[in-house]
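Here's a solo chain for you in structure tokens, the form predicted alone.
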Amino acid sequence: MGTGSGFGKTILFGEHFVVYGLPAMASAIGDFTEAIVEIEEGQGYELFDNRPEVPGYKKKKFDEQKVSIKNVLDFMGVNLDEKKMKITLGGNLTCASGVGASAASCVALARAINDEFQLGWDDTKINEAAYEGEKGYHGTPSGIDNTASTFGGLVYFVKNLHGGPNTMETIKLSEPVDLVIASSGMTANTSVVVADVREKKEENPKWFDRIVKEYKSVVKEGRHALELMNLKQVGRLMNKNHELLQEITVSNDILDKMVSIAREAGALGAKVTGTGRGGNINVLTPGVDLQDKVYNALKDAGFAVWKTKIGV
């Protein structure tokens, strides 16, 4: 029996912009997915997916998940023609758009296979396997989700658009920071949304260039503020990032309503995280009292919500 786990993640700055080679900042969160693999007689694999989910997430993602699992197995050289693999997924990370659920499952599966077959792979190779798995969900993923899920902590990430190694710097906060994540209950299709944003960019490049210029300032200042633990500034920049995501049309009325509720309850910052047009928002709420206040405001409004930490 082999076991493995992968962190969930949240993107603090950079959704969609990361696809175009711009810097992004993500953080692992305290919630995780775990995988167990067991070899039995037979052929192929059998999946038992016990992860918590927002309603309908796992059903909607099932076909993509099959491709993802095959990609990981193929990359790791696992042949199931003469043996059967039982895969059990669990953990406390709620499957929802925007929290790196697919990446966490890919990392957990890769680590469990590595453990079962004693491959001796380090985290760099695990991250490569998880990236192949992410292709099943996202087509051409940025790589930021699986990187945060594999290595933990805070990740400054720049995708190499020419096929070379991506830039990845890990940053350690002086202490973890409380965060609230709330779900819209809507599951987004990353490939579709990314393609739509790209189409808008190509139709109006001057418009997109202006947004890119503003975003570059946001992420540069955001990294500096995080390194200094200037959380009020981090929150202000998260709010600005949300405005830019609104401009490229990846927010919607429900997400904007959630952001407003969180800010009115005192959140330092709140924004779409992940694909957008559904999925989640993340909310900066340092301190237990503020975290509880924002959590309750969103919960009372009828949204699924949970508490976690960044910088773990």
Ligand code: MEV
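In this text, residue numbers run from 1 along the sequence as written. These numbers come from a predicted model, not from an experiment.
Another form exists, predicted together with (R)-mevalonate; not displayed. Remarks below refer to it.
Quiz item: For S142, is any heavy atom within 4.5 Å of (R)-mevalonate in the model of the complex, or not?
Solution: Yes, S142 lies within 4.5 Å of (R)-mevalonate in the model of the complex.
Self-check item: 4.5 Å heavy atom contact, M25 to (R)-mevalonate in the model of the complex
Solution: Result no; M25 lies far from (R)-mevalonate in the model of the complex.
Quiz item: R223: heavy atom within 4.5 Å of (R)-mevalonate in the model of the complex?
Solution: No.
Quiz prompt | Proximity of I11 to (R)-mevalonate in the model of the complex, heavy atoms at 4.5 Å | solution = Yes, I11 sits close enough to (R)-mevalonate in the model of the complex that at least one of its heavy atoms falls within 4.5 Å.
Quiz item: Of the options V194, L89, I126, V218, which one has a non-hydrogen atom that comes within 4.5 Å of (R)-mevalonate in the model of the complex?
Solution: Residue within 4.5 Å of the partner: V194.
Practice problem: May I ask you to choose, among T190, S183, T147, T187, the residue with a heavy atom within 4.5 Å of (R)-mevalonate in the model of the complex? | Solution: Exactly one listed residue reaches within 4.5 Å, namely T190.
Exercise. At a 4.5 angstroms cut-off on non-hydrogen atoms, which residues of 1-24 are near (R)-mevalonate in the model of the complex? List them in order.
Key: Contacts from 1-24: K9, I11, E15, H16, V18, V19.
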